[in-house]
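Below are two forms of the same protein chain, given as structure tokens: structure 1, then structure 2.
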Structure 1
């Protein structure tokens, strides 16, 4: 369409982002382009310093050894952030997407929007300075709905981020491109590329923690919606008396409902102890979760549903049971699996998005997925 040459360069980069060390021949096979075209495209990318030949010879049948190609990672550092209601998780990666550092810290949820942005930006610049490299891009996952325009809504657990000043402040303080998206969307991206949803074109993720969130991907692409509302299954008024599900299957919701029922819990996780196994509260939770899982399944027909978030960890032992119930409801039920990247799937997904954004200028479409995340309005 536009420039064929550039499109092909982009195709090579996209392929390289997905299959990290690879060879010219392999790229040619996967893209369907001729070896000549790939050779020419790679030549330009190497000259531009984006790609380099690495010595590691992958394997050998016979004949001449293929030269491995890889992205040049040292150009700068990129950050992926999962700004949760209680914990903030960060991953620093290089331009090739290789992880350099990760850490976790309590979120300064006491701060107003502008200060929260400064706090986060400061942490990122400090830590990346330790590595002797400036930040080139940042993607931040937020516990709320992120619209195409960059506006954030539906973030009751960290309301500051709905203030437009948060993102603008973050960009100003960081001095780099900042992309934001829903935290679950990033978590799913992470699990798609590096975790439990690898090789699944259609996948979904459900996180249960301070809030209830879901993300849906079809043909590798994460669905967003103009206002970022896709996946907000917590809004379903399917609980007793029309209660919203987010009031039943989240940490705070569990605590409140336990209190109302006269059996207060110290921590939400306690609901999943053996002693409460048959309690009405637990039964209601199971039922509500079942509705969410069914809704996710019929909304996008995923091959696999990844479960994440603080509460989900407590459910690991019950996964088979949920799976069985789901199978009884639907003829073809998705596989239910825990997040392979654990609490860091969101941060890792954000980092992947940030890396992709860097190569987007060069014509790379983010692999199978298209347009994950969105740079907030400037």
Structure 2
């Protein structure tokens, strides 16, 4: 009987999350559960501080009034973190998913793994201390591949996160559940829920900056793989003499190739100035990016591909041209769009994952936007 009651409570909460605010009658109509079952489930959720009655609404049934239900936002606070090699971005949201605070600051990449974990945990604790509820969950996007086991690899720009002591230290120092995933996976989740890929179940994201990353989603679920290598298209040896694509399109790669070619560039973004449009260096970049986009398109047939990152920000005026070339190659092409959430795509996606992990703990069904990250091992 207890299992049945918990299942009913989870079903009611799942429906509320998708249709909030809503009424008991509306939940009954959508779920098929009896009015008595829903009333008992709501009583438990209210008693546990998960749900509250917020207002009266006029129903279609002879103008009778029904009481609307919604989440108790102040129940808890969660953090979404995008931990980059140069900058760390954080978004705090409440239990209802409403943003409370965001900030960006330089990453202490000079610290060893354990100290980096302590620095991050301390920052989160300090910056959330005045919000009433303590931190209930943290999700962290990392610049590397994250395996099912939680092990991190392919993180050359911030190698400390590959040390098992980083994630375990973060969990120990923070005192809460910590989930980790690839930073681009979280960026795609953010754009799917609140940005440029909203309402696109089949979507992808490509970020180009200090590194090259990609994330793929089918039917709204982000793909991972046992070792977290799905989307690591930068490893493809598709450039001249087997050069990896990552070295052809990223900021460090552009500067390295410009120096080899004797082309003076003060910064990677200068390659996209009009004076370099027909240069061999720009042609090589365009060709490499087309390989990346083609690989993404044939890997999962996304409806839309979101481009983000410091280099991608310079390509907004060229997206139609890239899309046309992609269409000529494949006969059909996904829409190419810039990220709407900007540099905070990853932190917002991580925050969404963190708050949905709380919903899952309460019995809500998966598929509501959470469950993408991997729980850190103890």
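Being a predicted model, the structure only gives us computed values, none of them experimental. Only the largest set of C-alpha atoms that superpose within 1.5 Å between the two forms is called the rigid core. Residue numbers count along the first chain shown, from 1.
K.L.:
Between the two chains shown, which is the form predicted on its own?
P.N.:
Answer is structure 2, the other one does not fit.
K.L.:
Does residue 17 shift between the two structures by 2 angstroms or more at the C-alpha, the core having been superposed?
P.N.:
Residue 17 C-alpha, core-superposed: shift of 2 Å or more.
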